[in-house]
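Let's start with one chain on its own, the form predicted alone, as structure tokens.
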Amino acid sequence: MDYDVVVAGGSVAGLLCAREIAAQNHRVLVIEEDYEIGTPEHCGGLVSTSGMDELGIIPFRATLDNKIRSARVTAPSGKDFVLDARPQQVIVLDRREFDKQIAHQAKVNGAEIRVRTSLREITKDGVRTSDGEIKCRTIVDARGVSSLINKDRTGTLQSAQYEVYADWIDKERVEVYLDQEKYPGFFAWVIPTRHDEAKVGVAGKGINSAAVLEDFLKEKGRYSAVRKIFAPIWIKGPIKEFVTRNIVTVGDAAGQAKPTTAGGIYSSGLGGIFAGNAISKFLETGKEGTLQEYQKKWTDKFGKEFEQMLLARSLLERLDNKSINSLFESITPEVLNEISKEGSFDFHTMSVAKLLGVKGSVKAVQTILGNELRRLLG
């Protein structure tokens, strides 16, 4: 059977793209190389309820793991501050169930899904897969970070994330640990999913992520690891071209994950929706220019924020532990209250800028960041 579109990759962006295309009665096939949609689950699963609304998804009971009330951020010195997450309505998703929920939406709309089927080659008439050749008019690359690694390894960090059982987990609080010596260029995290259960992970430049995570967990206390995932994350921002001829790239494969946290359910998901709408228009009109509307729409929505995230990332990477500790000493309850009330989980660069530019922070920090901080705050 021939298809209008073959989507390679059955994660959030690819499935949402397929959902939108199938809704317009076009023939869509999603191929996923793993044995199950939603596997492997290497995402933290954090998203805002407003973001979910924009994606057109009301989580099933099995999909919604947890609701987050606060976030604690800890400096290398051990000093920390707590942000109120309730105004931002942050939830934790079970990504395996979440992806299956979107797959069901796509299927109801008419999409076909095949697991254990991988893309081998893009051909003149379509694609060659592990199941043979398939003819199609448009190919969607939604294969995730693996599509980027061979093109540019400088944008990836190695990460490790364990699902653990432990009595030191606070069910309603996300924890973030900054330490440029242990997790250079990134951080360690604890994302609670249920009572005494959490996703605990680390990432950083040039580290042995498994060994670093084991050390982190030993410091936290007794635990049992029930699942271990090791995967690269992309922190370099969007690629230059989302569309090349009849090939449309979405999600992590297009660099649509946040440069600051590598989270991408919302930004990648909307990328899939925008792409699906543009592809549907192309299939109806035959005008290739309509495919470019996808990148324009995504850039209008996220372009400025992602530029600021990349700037914030470059500033944070230049701070050593001493500077981070000094910065934490200067953060006031007023600043934390302002960020909690006005900050956005999905567009959070201004919150980072307010923390970096807090009044009373040591001159060394301001000197290191210089005019770039003023650009971020402006």
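Just count from 1 along the sequence shown to find any residue number. The shown structure was predicted, so the numbers you read here are calculated from the model rather than taken from an experiment.
There is another form of this protein, the form predicted together with a small molecule, and it is not shown here; the text below is about that form.
- Although the partner is absent here, residue 43 sits close enough that one of its heavy atoms falls within 4.5 Å of the small molecule in the predicted complex.
- Interface residue remark: residue 276 is not counted as part of the site for the small molecule in the predicted complex, having no heavy atom within 4.5 Å.
- Shown alone here, residue 17 lies farther than 4.5 Å from the small molecule in the predicted complex, counting heavy atoms only.
- The closest non-hydrogen atom of residue 264 lies within 4.5 Å of the small molecule in the predicted complex.
- This chain is displayed without the small molecule, yet in the predicted complex the stretch 189-197 from 74-82, 213-221, 303-311, 189-197 comes within 4.5 Å of it by heavy atoms.
- Scanning 270, 139, 257, 169 against the small molecule in the predicted complex with a 4.5 Å heavy atom cut-off leaves one residue, 257.
- With the partner omitted here, the residue from 105, 117, 246, 292 that has a non-hydrogen atom within 4.5 angstroms of the small molecule in the predicted complex is 117.
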